[in-house]
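To begin, one chain is listed below as structure tokens, in the form predicted on its own.
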């Protein structure tokens, strides 16, 4: 069967990526390659004949598959033993079959219909995933920083699974996540971070490479909603991809963790505490800032080849305030995400087109691409706009 040959250090990140896109085989095992430096990850039957671009850097090989026989891989069996098969059947699709891993933290959404089984759900999830340290219930995003409301419902104390009322000082929500071969410090209770957006980030990297090739030089990257810096992890580490970086966020906790991350990615000193946006190095402008007024800061407007707009609920609203950041003397790009009702996608496309400067001839027009359901009526979409230079 088809397997993806992945370096050991990247395996966890690729597993998450494949799971999120429905491309990981659930019946077959991951096993070491003969060289000891790679692992072979089994691909599902849904994997297209030609691998998606975000997987193209990895080799595909055909190997005899190994069936998954570990009973711990099935959380349903643990749940059934706790609440009974009749109860599992009675509530059907209301059980949280999906979850998200952020390091050794598991995040789940629990429907109201099964909320009384919160302890059993958490215990079952942890029993089936022995490397999970804590399970947190996701109750949606809140506040001006759009941070997820996460409540711990189980944690592992030594070898014991503890559920119920968990004291705040008994667990740590700061974790290291491996993505694209880089370690990213994050804390999902203090700054928004989602492993499910890894595909988007890889696509952004590929677009940055295309822009670099078009310009014939390293590009200047503006990430005004940077969070802890997951897009920048690969961007600043790849040789000659990004020459200059502007990274800001309104959330001081996010900037504090970004500084920590940049110290490892750049190998340079950064402040330990969050601070207002400033030029820390000739090629690094970093700090806390309101993206809507960035272009009013001296030396920042008309300076960037790629502007990343990662604020999906307000992207269209913010675009007019971000366009002045682009260097219009050469081709440039806006890469963004939008949450929109499916029935309004075409209208949103037209609104974006009326805001943007003229597009670069010969390149695709702006088209919102649906990436996943955000709710029963809303869709999370992405787009890229190739901007023509002013004549």
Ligand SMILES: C[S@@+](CC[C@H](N)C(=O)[O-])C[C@H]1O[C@@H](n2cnc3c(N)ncnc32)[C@H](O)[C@@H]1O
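Owing to the predicted nature of the structure, the values given are computational and were not obtained by experimental measurement. Numbering follows the first chain given and starts at 1.
The next section is about a form of this same protein that is not shown, the form predicted together with the named molecule.
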Between the options 241, 250, 301, 90, which residue brings a heavy atom to within 4.5 Å of the named molecule in the model of the complex?
-> 250
Tell me, which of 150, 277, 311, 185 has a heavy atom within 4.5 angstroms of the named molecule in the model of the complex?
-> 311
If you check in the model of the complex, is residue 290 within 4.5 Å of the named molecule, heavy atoms only?
-> yes
Does the 4.5 Å heavy atom contact test between residue 318 and the named molecule in the model of the complex come out positive?
-> yes
Does residue 110 make contact with the named molecule in the model of the complex, using a 4.5 Å heavy atom cut-off?
-> no
Report yes if any heavy atom of residue 226 sits within 4.5 Å of a heavy atom of the named molecule in the model of the complex; otherwise report no.
-> yes
Thinking of the named molecule in the model of the complex, which stretch from 132 to 140, 290 to 298, 91 to 99, 233 to 241 has heavy atoms inside 4.5 Å of it?
-> 290 to 298
Taking 192, 197 and 201 as a possible spot, do all three reach the named molecule in the model of the complex with a heavy atom inside 4.5 Å?
-> yes
Taking the named molecule in the model of the complex and a 4.5 Å non-hydrogen atom cutoff, the residues of 137 to 154 making contact are 144, 145, 146
